[in-house]
Every structure is written in C-alpha cells, then in structure tokens.
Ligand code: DC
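The chain that follows stands alone, in the form predicted on its own, written as structure tokens.
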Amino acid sequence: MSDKKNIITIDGPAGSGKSTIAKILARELRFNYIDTGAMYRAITLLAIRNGVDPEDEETIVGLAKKSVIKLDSSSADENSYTSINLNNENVTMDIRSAEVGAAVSIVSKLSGVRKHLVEIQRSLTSNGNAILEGRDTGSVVCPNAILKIYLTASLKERIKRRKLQLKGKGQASDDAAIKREIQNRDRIDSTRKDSPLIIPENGVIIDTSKMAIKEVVEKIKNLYNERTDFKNKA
C-alpha cells in the first residue's frame, strides 16, 4: 500500500452521478477536485471554434498544445458546473452546449488528445490529495490511486438525472434526444481504442440507481477511511 497515492478516482458513464459525488467528496475531504471531462470538452470547443473536423487529430492536438486550460478546483456548490478557463476566457457554459456534447466523445477518442490531457491531469495530481472524475482516471490517469470507484446507474435513471440537470441550468431537454446522446457516448467511450471506459483494476463498483447522494458519499468515505487506516498500519 505504500506506493498508493492519496487520490480517489471516480469513473463511470454519463449520468451516473460522478460530478456531484466527486464535488461533495472534495469539499468534505478538502481535496482538489479535477473534472477531466471538462478538459475534453474545452478541447472540443477549441476544435469547433476553429472549424476543425472533430476527427482531425493532428490539427486538434496542435491547437491543444498551444492552449492553456485552467480548472477552478473549488467545489463549493455541487450543482454548479466546473468553472473552466480556456486561454484566459471563461468557457464554463460554452463547453456545455449541445454542439460540444455531440462532438466531445469523438474528440475524446483521439489518442493524441488523450495523451496530452493525461499528462496535464497527472501533473495536477502530483502532490496527491485529489479527487478525479471521468472515464479513465482509475485505469489510466492514476492507476495507483488509493481508492478507485466505478459509478453506474440504470439508463432510465441516467436520463432522468440528465434531464433534471439541464432543467436546473435553464436548458431545453427532450427524453429521446438525451437517451440518444447517452447511448452514443456510451458506445464511443466503451469501444474506443485508446483508454476505453472500463472498470479499473481493483475498482469498487457502486450502482447509484436507488441510492441517495448522501448514501453514495458516505459509502465512498468509509471505503477511503478503510484504505487509509490500512495504509497507515502497514
């Protein structure tokens, strides 16, 4: 256990509760919160704004390497989107557009993009005391995290959550459209060649379909405390 970093990773498909749970945990444990998905959305927005095909890996990676992405690690409100700056511009809401949502899984599967962002994500966790959420944080970014969680939920529940999220942000929503988006993202995320969405080695699976947010948070905190107690005694 001595080689384990004081990091909790939370992976899972869209609508499984990753962001909400990760933000609350970060706040209560006083850890840095790193939303890796927001970083991929920022690169996708960059491609769209520059009129680049979402599958044009070379051009997108070139743009990404010339850009600066900054995340606000504060998690004061779990219901708010992660604040993110792209080249000194606040793009928090821009990266949540339907256009970005439709293209992010395509950009995210590009090996060059993943390699570039994984390097940045690892640098952000170099000192430990962080909670990462995304789709490959436990399997690729921080495989030596002290606790790796894989959150899941039924498709029906995920659609319901996504709809409530959009409504809370004043954005229009349609069940059929949300279902198509989620299923498409699941397909691309789980079948891409580089860093597919998988349950990480030694990861703990938690189905949140019928669990309250507080229950999930407490379960993960208990698991974390068990791991740290064991590490300290080792």
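A quick note: this is a predicted structure, and the numbers were derived from the prediction, not measured. Residues carry their position along the shown sequence, with the first being 1.
As for the form predicted together with the ligand, it is not shown, yet the points below apply to it.
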Close approach of R114 to the ligand in the predicted bound form, 4.5 Å, heavy atom:
yes
Any non-hydrogen atom of G37 within 4.5 angstroms of the ligand in the predicted bound form:
yes
So, in the predicted bound form, is D189 in contact with the ligand at a 4.5 angstroms heavy atom limit?
yes
Does the 4.5 Å heavy atom contact test between R185 and the ligand in the predicted bound form come out positive?
yes
Heavy atom within 4.5 Å of the ligand in the predicted bound form: which of V104, A145, A153, I159 fits that? Just give me the one.
V104
Heavy atom contact within 4.5 Å of the ligand in the predicted bound form, the stretch among 51-59, 189-197, 23-31, 171-179
189-197
